[in-house]
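In the structure tokens that follow, a single protein chain appears in two forms: structure 1, then structure 2.
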Structure 1
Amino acid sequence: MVSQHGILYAVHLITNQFGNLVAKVCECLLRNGALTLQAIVRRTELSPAKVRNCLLVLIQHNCAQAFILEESVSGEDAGEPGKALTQYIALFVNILHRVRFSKFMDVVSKELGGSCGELFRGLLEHGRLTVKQIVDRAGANAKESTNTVQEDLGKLVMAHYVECCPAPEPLVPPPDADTKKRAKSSKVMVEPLTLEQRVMAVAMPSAMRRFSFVPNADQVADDQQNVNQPPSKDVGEKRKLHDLESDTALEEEVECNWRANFEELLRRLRHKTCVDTIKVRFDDAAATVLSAMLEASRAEEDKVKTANSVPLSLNTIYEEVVKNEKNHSMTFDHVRTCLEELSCPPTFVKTDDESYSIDFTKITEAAQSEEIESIVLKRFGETAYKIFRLLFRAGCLMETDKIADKIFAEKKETSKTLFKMWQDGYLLMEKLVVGGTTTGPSYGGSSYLLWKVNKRLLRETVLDEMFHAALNLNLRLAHEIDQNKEVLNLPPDKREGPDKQKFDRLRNVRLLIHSSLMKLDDAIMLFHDF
């Protein structure tokens, strides 16, 4: 379930990029879960045509997904008995990705070069494109040849940065069948998937089809189609299937829209965060070794929230390290020493029979607790910082006096700080009454206050605050721009004296807020996506 400020933030992002109408439909889906078209119309009080258009925009930009539930529909939207109705669900995660496009561009451009980056930018801007649209766009912008464009697209697909779009209206089976199947194959308790996860799991094409791009297949299909009918005038209009005596796979290839694969991009950003965390805690050499391990095990990683990387031998890690010219001077022993240090508690790298694997969970948790500790220190002070670290590590209830003793603080100050942190949702509190009669502690008993950090609830609280802060940064920027719009409208040569000062200040404000937003988004990914 998305938190209150998560919804507000997502709606703000959609409003900024697509306008109020689309945002209204998006908000309706985020607040109510999956809905049919009629239900959205009823709740938003917009016309069916407007709602349909808004949904098309959201789907085009991967912010919503249509689906059909296999079980029979009942309730307010029941039509004919057993008739399946198309429902729509907002994809909150993908909405958040819209502020990360510059980070995604950075990843792709660094690895695959400028021309791939430019092609990728088009996919981000337009949401999803067919091969023809990609080629047409590249031809118009940079005069790239079809072969070059197809080659670049092939590279992007091979690197898994681009994927074939999901099915438009998949049939989603009931949750029981799916959960039982997963529980049988796994020996641990399986957390039920959310509806969004179930829909996307079914909608996604198979791994082979998802990353299978055949250059020039589209061109061939186009030529065959042109024999039968005139070419389509509108870019983006879906082709209709004809009775062509062609291969089914080829027909499917023609139908395929391509889009950015956010999963792979998120995985790369997660790797970057892990390397940065290790660099801060250890040194550049340890970060280099970790980076090499990530590169060597990249192909085997299939989920963003993988707990551990595949085990690698010391030789494999060393070979990967020295592949990079900058690391040629690093010796085998130095690599081994770094691994030994990373293997010490809190054990960011696990060792097992002379093989090493990265513990992503430990690294992520270390980065998360560092972020929370930073908030606690700044917001509540040094005493609170020590209290928080004590309770976080203890993982159990602790009495006020004991806390005061452990942190060497006066009991009064400790009590005051504990209450402040509790009021803001950073601690849980329980009251324990010992002795006395049934009429109360005043008849001889004592009451004690016990405190605890609930890590799961705390992460949710902090994440909601981060969404709130991200929304506030955006709103403040809009406010600053609004307050200074006259200065912005002045031509540059007319900006003098106080106007120039205002303009310069606004430029600095924009820079500061944008960089803060990017940094805050890294923290949001840490708590929400990694």
Structure 2
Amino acid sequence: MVSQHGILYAVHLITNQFGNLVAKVCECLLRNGALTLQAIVRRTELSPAKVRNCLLVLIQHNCAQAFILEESVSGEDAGEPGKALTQYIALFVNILHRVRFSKFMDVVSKELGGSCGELFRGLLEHGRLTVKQIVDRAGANAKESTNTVQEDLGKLVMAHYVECCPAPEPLVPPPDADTKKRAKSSKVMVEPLTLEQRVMAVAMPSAMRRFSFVPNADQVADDQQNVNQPPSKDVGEKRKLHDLESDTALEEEVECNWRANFEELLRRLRHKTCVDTIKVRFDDAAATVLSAMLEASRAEEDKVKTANSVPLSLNTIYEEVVKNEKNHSMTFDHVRTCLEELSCPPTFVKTDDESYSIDFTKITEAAQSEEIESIVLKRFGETAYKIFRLLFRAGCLMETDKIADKIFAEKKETSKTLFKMWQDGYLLMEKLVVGGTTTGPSYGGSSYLLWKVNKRLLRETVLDEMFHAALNLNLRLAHEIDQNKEVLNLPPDKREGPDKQKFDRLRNVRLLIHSSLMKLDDAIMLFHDF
């Protein structure tokens, strides 16, 4: 469930990039869930043509997905087979990714080089492209340039940074009744899949199809025959019947649309966060060992929020460490020592019969708790910081006097701080009455106030506040730009005196706000995506 400030923030991002009409349709989907075209028209009071165009923009840029949901028709048509209606759902996560394009570009450029990064930029800007459109955008007029572009695209697909687009209108079956029963009877709490997750699970092609790229066969044939004539068909066009029969998979590949694979990019950013967290808590050597484990087990991860990595032997980890020339000085015993340190409580690395696996959940929770502690310290002060650390680690209800004794603070100050944190949603409070009767509140008995940190609710509260802060920063940036339109429209050689001072101030403000937004988005990813 997306919070109110999360919806407002997502709508603001869509408004800035695609305008008010597209944002209106997007907000309608975010607030109401999956809707048919007719339902969106009724709620937005826009014409069907405008709504359809807005939906096409959102789908093109991977911010919405069309699907068909099987459902039985009640009322007058009862007894008839279920009708299939095309519905549309907003992809909130992909909307948030639009502010992370610079981070994604940095990941791709560092690993695969600038040419692949430039190719990847086109997919981020345009959402979905065919091979022909990718080649045309790169300005590949000669055969050598075309081959280079296709080689770069092949590298991106091989690294899983680019994927084949999902099915345009997948048929989504209703939730399995047997699955519901198993989840109900099971003692382990199983979180049911959301509609968005179910839709995307059905829409995504198989792994082989999703990450399979074959260069343009027509171009290859022309190169072999050395024919100085234009090819008979462009990339993306259908072939003749005998070509289709001889190579169906290649034909499907030619027709495929390609887009950025946000899941793989998020995994890379999650790995970076894990390494940074370990580096702060331990040292560079421990971070190096963890980074090697992440690289060795990367291929086995099938989703972003993987709880644990696959088990790795000590030899495998050491071999991965010394692959980097900078780590040749690390000995086998040094790697073993680092693993033993990481295996100590809170156990960031699990050990089992000489094999080691990363506990992503523990590392993520540690990073989240550090972020929340920093917020509490800045917002409520040192006393609140001590209280929060005590209650967060205790994980149970604790009475006011006991809290004051544990942190060596006055009871009055402790009580005042507790109430302030409770009012802002950082603590839960329960009242316990001992003795007395039910004729009145604590009549004839004693009452005690008990305090506790609910980690799940607290993370939701903090995440909503982060969305609110990001929205405010974006609105402040828009206000600053609007107030200085005249200065921005002046030619550089005419900005003198007060105008130059205003321009310099605006430039500094924009740099500061953009920097703050990037750091804030790192925190949002930590709580929302990791």
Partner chain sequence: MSRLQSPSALKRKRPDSNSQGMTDQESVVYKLIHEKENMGIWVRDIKRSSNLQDTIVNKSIKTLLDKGMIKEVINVQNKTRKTYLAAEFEPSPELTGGAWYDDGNLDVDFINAVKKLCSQKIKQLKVATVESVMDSVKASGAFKADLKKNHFEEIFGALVLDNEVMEVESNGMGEFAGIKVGKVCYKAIGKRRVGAAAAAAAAAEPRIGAMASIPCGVCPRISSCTPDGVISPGTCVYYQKWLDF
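What we label the rigid core is the largest C-alpha set whose atoms superpose within 1.5 Å from one form to the other. Just so we're on the same page, residue numbers count up from 1 along structure 1's sequence. Computed from a predicted model, the values in this text were never measured in an experiment.
Annotation: structure 1 represents the form predicted together with its partner chain, while structure 2 represents the other form. Once both forms are fitted on their core, the CA shift for Glu465 between structures 1 and 2 remains under 2 Å. If you fit the rigid core between structures 1 and 2, you'll see the Cα of Glu496 move by 2 angstroms or more.
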